[in-house]
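First, one chain by itself in structure tokens, the form predicted on its own.
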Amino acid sequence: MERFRSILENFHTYAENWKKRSGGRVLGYYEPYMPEEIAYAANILPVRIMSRHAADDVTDRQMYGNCYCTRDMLRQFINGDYAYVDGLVNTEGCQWLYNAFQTTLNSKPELYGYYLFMPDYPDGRTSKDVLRSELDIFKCRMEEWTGREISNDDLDRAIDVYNENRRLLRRIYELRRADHSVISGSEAMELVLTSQIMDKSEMNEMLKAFIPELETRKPLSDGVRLMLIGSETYDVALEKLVESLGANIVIDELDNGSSYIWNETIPQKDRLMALSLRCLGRPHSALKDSVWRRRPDHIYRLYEDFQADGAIIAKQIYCHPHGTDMYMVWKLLRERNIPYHTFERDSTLPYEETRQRIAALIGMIEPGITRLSGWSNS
């Protein structure tokens, strides 16, 4: 875990070194629907733009005082933390991320910028064809930008690498279903976040060496099993806080958590249609689940499959899609008598207040937990 953790903590350095040794370009992206395989097929490293917590005295002149995470993304570009990034892509979705994307391009005109349309209704009859045409344009723009053709073989290689990465990370997620898990929620989230800034081919080799070691670990001690629901995250502070109280987050439903790895691209002759279907078929985000409302069923299936005892809903302040969806999630949890706690956060936690609240939730759940510790044939 230390190797993955070191890369995540120093991801700017990792991307800079990758660029030097590969000679490729780095493309930053904001939204979970980014078709990374197309960029990867052109020897481009897609890197998720992540916020960090630091004093901000520069973005007030650039953006409204809204979502702190997006303002911090802009701050990092202004301060040169993302100096190695050659271009940016934003996919149709969050308005605050779009603000960060456009304002960054305005302040850094040397960056290549591309806005990728993503249908608002993933299950619409024509959505797959609309997105497929958008991906075709995106592929052409990547070819023009890099000066190299993206062949079907290049796409097949990228699809295989990304599918393998999702498969390996889902295998780690499956280990969390056991009554005695061998991996904590913070470690699992660190791995998924790391996959969004690493060359996945390199990470796959690290995961294939790590998983056999992980499977022989001493299991974690029993405790309250929690599910994490809500807005995207950029660190594991909440997971570690939960673990400090003797509980564990055994599953999440975050756009850049489990939803990032949950479905694969099914190979077919039309590679772009295959990528379109994967993007549209991934677990629905609050950004795109405004018509068919499939997100609650997915949340409940995960909750049952991973045998959680309760749920935490952590919403980013100013996150309007999750703010709207929250009432629907509350209804789901109440109807099924699932204990939960909701709070808002920016890129940091008010640690002591949050600790007290989560401790109260755990204390409410613990008396009602009964676990099957073993059985005999007698």
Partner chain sequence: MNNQIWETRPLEIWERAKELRAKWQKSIDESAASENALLAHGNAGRLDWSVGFTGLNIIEDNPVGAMLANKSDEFSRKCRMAAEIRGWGRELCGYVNNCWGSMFLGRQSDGSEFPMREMSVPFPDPCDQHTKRGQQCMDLSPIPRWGSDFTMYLGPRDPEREKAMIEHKVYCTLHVINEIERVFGREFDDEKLIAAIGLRPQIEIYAREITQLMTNIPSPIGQKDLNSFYTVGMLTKVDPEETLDFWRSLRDEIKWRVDNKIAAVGTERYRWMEAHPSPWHYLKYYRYMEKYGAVCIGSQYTHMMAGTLELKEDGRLGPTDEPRLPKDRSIRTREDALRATMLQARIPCGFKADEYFRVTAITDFAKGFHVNGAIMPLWRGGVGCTLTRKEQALRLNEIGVNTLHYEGSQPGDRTDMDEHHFLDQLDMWMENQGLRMLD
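Residue numbers count along the first chain shown, from 1. What you see is a predicted model; the values in this text were computed from it and never measured.
This protein has a second form, the form predicted in complex with the partner chain, left out of what is shown; the following refers to that one.
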Q: Taking 4.5 Å between heavy atoms as the contact cutoff, choose which of 221, 152, 79, 106 touches the partner chain in the model of the complex.
A: 106
Q: May I ask you to choose, among 158, 279, 94, 226, the residue with a heavy atom within 4.5 Å of the partner chain in the model of the complex?
A: 94
Q.
Does the partner chain, in the model of the complex, lie within 4.5 angstroms of each residue among 98, 120 and 320, using heavy atoms as the measure?
A. yes
Q) in the model of the complex, does residue 130 have a heavy atom within 4.5 Å of the partner chain? A) yes
**Q.** residue 61 within 4.5 Å of the partner chain in the model of the complex, heavy atoms
**A.** yes
Q.
Since only the chain is shown here, I'm wondering whether residue 315 would be in contact with the partner chain in the model of the complex (any heavy atom pair within 4.5 Å).
A. yes
**Q.** 4.5 Å heavy atom contact, residue 235 to the partner chain in the model of the complex
**A.** no
Q) So which of 206-214, 190-198, 250-258, 131-139 is the stretch with heavy atoms within 4.5 Å of the partner chain in the model of the complex? A) 131-139
Q: Residue by residue through 277-311, tell me which have a non-hydrogen atom within 4.5 angstroms of the partner chain in the model of the complex.
A: 286, 287, 289, 290, 291, 292, 293
